[in-house]
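What follows is a single chain, given as structure tokens, in the form predicted on its own.
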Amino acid sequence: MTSTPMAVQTRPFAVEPLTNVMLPDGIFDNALYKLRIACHFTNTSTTDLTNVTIYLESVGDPGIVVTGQTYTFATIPAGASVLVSWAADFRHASPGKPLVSFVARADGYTPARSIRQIFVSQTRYDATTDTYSIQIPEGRLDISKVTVIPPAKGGWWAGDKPDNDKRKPWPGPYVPTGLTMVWVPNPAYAGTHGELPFQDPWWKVLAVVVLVIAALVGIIAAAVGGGTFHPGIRGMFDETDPGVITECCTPAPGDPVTGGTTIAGVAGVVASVALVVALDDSADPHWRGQAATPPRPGELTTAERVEARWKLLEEPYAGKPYRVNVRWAYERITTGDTYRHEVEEEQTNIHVTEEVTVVTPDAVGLSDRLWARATFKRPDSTLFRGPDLYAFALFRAPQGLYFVVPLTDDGTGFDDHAADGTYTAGLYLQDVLPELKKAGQEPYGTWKVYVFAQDVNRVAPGIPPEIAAQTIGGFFVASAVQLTFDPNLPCPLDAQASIKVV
């Protein structure tokens, strides 16, 4: 027999389970102990596969402890990519690129193994210097002097806070408007360009990982307290831009944990990635600064410094081409001299959708299912398809309880056709009645549907690093929650559809 024609074709990515959001570019960080290792497993054949089992066999780093789980599919259509994920503890993970082995088996075939790298970093915060540091094998990135558009007064935590609870509210989201990055390569290097982080993303991706982790730590601490993230991380910033605040709705209208943490997590990521928009996708200030400051023969680069400040010309709406005016200065420190290069320019968010369409039934009975079908159109009128997106929907019951449901385009379960650009989420009402009853809620009335989608880095292994670095994943290209700088307006949390249960 031949091996099962299924493969993990691109890099697996990290999902934070409490908020359900993907980390920037899918990078794992051991500041967050609990993460899910997610990937798209693709049927590479031209025929449907039956009785498919999928499991994660092993991870190359013994510090990463995976909770075993086997997925079974009655049928996986030809060309379909199914999303699977495994809970893992990264508390003792080492920074690096460990290999992960996945196994798939279908009727009539022998097991097939897919081995892929994941990217693991280590973020810590030094209170004495007010500096975040992110460590990877190629070096260390220190981040300081983070200026932000702060959130409005008040704060958020999941649910009512008991008198003896030591949790602090998450005051975010913080929209970054500037920072200082110091890259210390390991080892010092000769020539114009050093090694890219993980031989893949730009340095700015590490910076946004730090900002997102800070946001997620604040949300997790507000929701469940400490114990699931490294105590050397905090979830706020001191330096702010005066005169401007971010208005954001209370993240938890109704059910605080399931829905509130997800909405807060989305807001935190949407705010943080303004940094990536400001510093360009084609080549970030480190790479461009290196190109403009070639050192003399014999010199070794021992450190690089980027000071960047920017102004958002429009509010950072997920999936919209908002503009940013940015000024940055690059400095190369070598064993023989110091070189400097400065730029002022305007950048635009390129992680966008032209149109998001959500279709639901008008009304269903108690014995039926809730469902939502969503399409995400790019500016060139093509649709995102299959593994292009990591997407999910929130179904909000009439009295506030939320249910997080994957949105998939894989031709299995609720989805009719694989890779046709229609992502489907479904929820059997009978399955959620016990949870509703436990919360003292009824299923009857109007359910609201909120849709979210992040783009996935689908660069294939083996692409030259400077080319691979130009593709970044983890941006929200669709979101039901948006940020506004207008203190007279509430932060919009807009349902894209509603369903009446009768």
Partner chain sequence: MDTMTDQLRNVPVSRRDIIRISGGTAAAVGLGALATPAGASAGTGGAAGGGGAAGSGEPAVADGVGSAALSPGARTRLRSGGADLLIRDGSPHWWLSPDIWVVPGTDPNGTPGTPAAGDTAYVWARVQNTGRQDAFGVELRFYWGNPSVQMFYSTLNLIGTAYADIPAGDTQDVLCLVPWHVVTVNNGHECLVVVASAPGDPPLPDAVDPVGYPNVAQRNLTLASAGKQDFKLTLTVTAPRRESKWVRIGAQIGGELPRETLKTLDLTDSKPVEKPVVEVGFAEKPITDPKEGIGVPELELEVPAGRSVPVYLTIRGGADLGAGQYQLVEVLETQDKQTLGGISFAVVGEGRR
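The shown structure was predicted, so the numbers you read here are calculated from the model rather than taken from an experiment. Numbering follows the first chain given and starts at 1.
Absent from the display: the form predicted in complex with the partner chain. The rest refers to it.
J.: Heavy atoms within 4.5 Å of the partner chain in the model of the complex: does residue 410 have any?
T.: Answer yes; at least one heavy atom of residue 410 falls within 4.5 Å of the partner chain in the model of the complex.
J.: Closest heavy atom of residue 73 to the partner chain in the model of the complex, within 4.5 Å or not?
T.: Yes, residue 73 sits close enough to the partner chain in the model of the complex that at least one of its heavy atoms falls within 4.5 Å.
J.: So in the model of the complex, does any heavy atom of residue 60 sit within 4.5 Å of the partner chain?
T.: Yes.
J.: Is residue 301 close enough to the partner chain in the model of the complex to count, meaning some heavy atom within 4.5 Å?
T.: No.
J.: Would you kindly say which of 419, 223, 312, 83 lies with a heavy atom within 4.5 Å of the partner chain in the model of the complex?
T.: For this set of options, the contacting one is 83.
J.: Exactly one of 429, 356, 87, 78 has a non-hydrogen atom within 4.5 Å of the partner chain in the model of the complex; which residue is it?
T.: Residue within 4.5 Å of the partner: 87.
J.: Which single stretch, out of 390-398, 181-189, 130-138, 301-309, brings residue heavy atoms within 4.5 Å of the partner chain in the model of the complex?
T.: Contact-bearing stretch, as computed: 390-398.
J.: Does any residue in 38-56 get within 4.5 Å of the partner chain in the model of the complex, counting heavy atoms only, and if so which ones?
T.: In sequence order, 53, 55, 56 come within 4.5 Å of the partner.
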